[in-house]
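Shown next as C-alpha cells: one chain only, the form predicted alone.
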Amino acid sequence: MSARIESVTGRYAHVDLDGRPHRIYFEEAGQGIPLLCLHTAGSDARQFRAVLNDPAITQHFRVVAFDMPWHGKSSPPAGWEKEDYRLTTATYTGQIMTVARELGLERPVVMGCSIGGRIVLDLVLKHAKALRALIGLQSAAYVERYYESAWLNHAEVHGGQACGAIAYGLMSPLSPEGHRWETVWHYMQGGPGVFTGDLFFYQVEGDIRERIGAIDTAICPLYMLTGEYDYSASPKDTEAAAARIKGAKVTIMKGLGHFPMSENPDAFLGYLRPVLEEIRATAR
C-alpha cells in the first residue's frame, strides 16, 4: 500500500519586509486566479490545509498560504532576541502586499481569518485596485479585550497551553473533535509572546471603526463569512461592521466557530466554494 501524497507544495521565499531580510515559508496548490490565505493570530498557514487540498477550488485558483514572520516555519528576523514582537496595521498590510508581489500574485483574492479578517478591511481601504476581491472570515471592526493577554506570555504560565485553551473555547462544540484538537495543537506550538504580539494589532492598534465607512466595494468586492459560535468576532460584530459598508455581502455560517477553515473544513468549504465561484464568474 503506497502513501497518499498531497499535491500541496511547500517552499521558502527570501523577501525584505520593513527593510529587513526574511525567510518566509509558504504552501501552494492549484492554478488560475491567485487566492492568498491569511492565518489567525498565533497560528500558521496549516489552518488552510483543506482549501489547499480541495480539487474544486484548486482547479480554478492558485491557492497560496504563508506563515507570517515569527509564525510556523517562518523565523523572526535577525536580532529578534533584542525586541518584543508587536504586529501593527502598517507592518501587516506591508507584508501581505509584499508577499503577493514577490510571488507574482496578480490582483489576488485575499482571504483572512480573525486578525486576517480584520486586515482585509484595511486592504480594501488602501489597496482595492490591486486586489480582485476580499474574503473576511470572522471579520469585525474592533474586538474588546475580554481577558488579560499578559498571561499568554508569563514566566509562571505555560504559554502554549494557555493559547491552546483560548483557541479551544472559540470553536463550535459541533465541529469534529479531531479537527478541533489539531487546531489547538497548532496554537500550542507558537513562539513565546507571538500570540500576544498579534493581539496588540487585533485588540489595540488595529481599531478600524472610524474608517470603515470609507470602504468602496464597487472597486473591490468584500465578502464577510462568520461562524455563529464565535464570541470573539461574533455574528453581531460582523453584521455591525457590514451595516456601515455599502455592498458588503454577509453570510453567518451555521455550526461553525472562530476557526472555520480548520475546525470543520468540510462545512466551511460548503460556504466558501459558492463565494469563489461568484468571484470567478465576475472575472470571466
Partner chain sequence: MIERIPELVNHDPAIVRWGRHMNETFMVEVGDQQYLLTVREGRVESVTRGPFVMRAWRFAIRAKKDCWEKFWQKVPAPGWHDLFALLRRGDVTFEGDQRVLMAYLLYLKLVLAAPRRLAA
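Everything numeric in this text was worked out from a predicted model, so none of it was measured. Residue numbers count along the first chain shown, from 1.
Note that the form predicted together with the partner chain isn't included here; everything after this is about it.
Every residue of the trio 143, 174 and 229 has some heavy atom no more than 4.5 Å from the partner chain in the predicted bound form.
The closest non-hydrogen atom of residue 169 lies within 4.5 Å of the partner chain in the predicted bound form. When contacts are judged by a 4.5 Å heavy atom cut-off, residue 210 does not count as touching the partner chain in the predicted bound form. The closest heavy atom approach of residue 152 to the partner chain in the predicted bound form falls within 4.5 Å.
Contact between residue 188 and the partner chain in the predicted bound form is found at the 4.5 Å heavy atom cutoff. This chain is displayed without the partner chain, yet in the predicted bound form the stretch 229-237 from 38-46, 229-237, 212-220, 243-251 comes within 4.5 Å of it by heavy atoms. The contact with the partner chain in the predicted bound form, taken as any heavy atom within 4.5 Å, belongs to 165 out of 130, 204, 90, 165.
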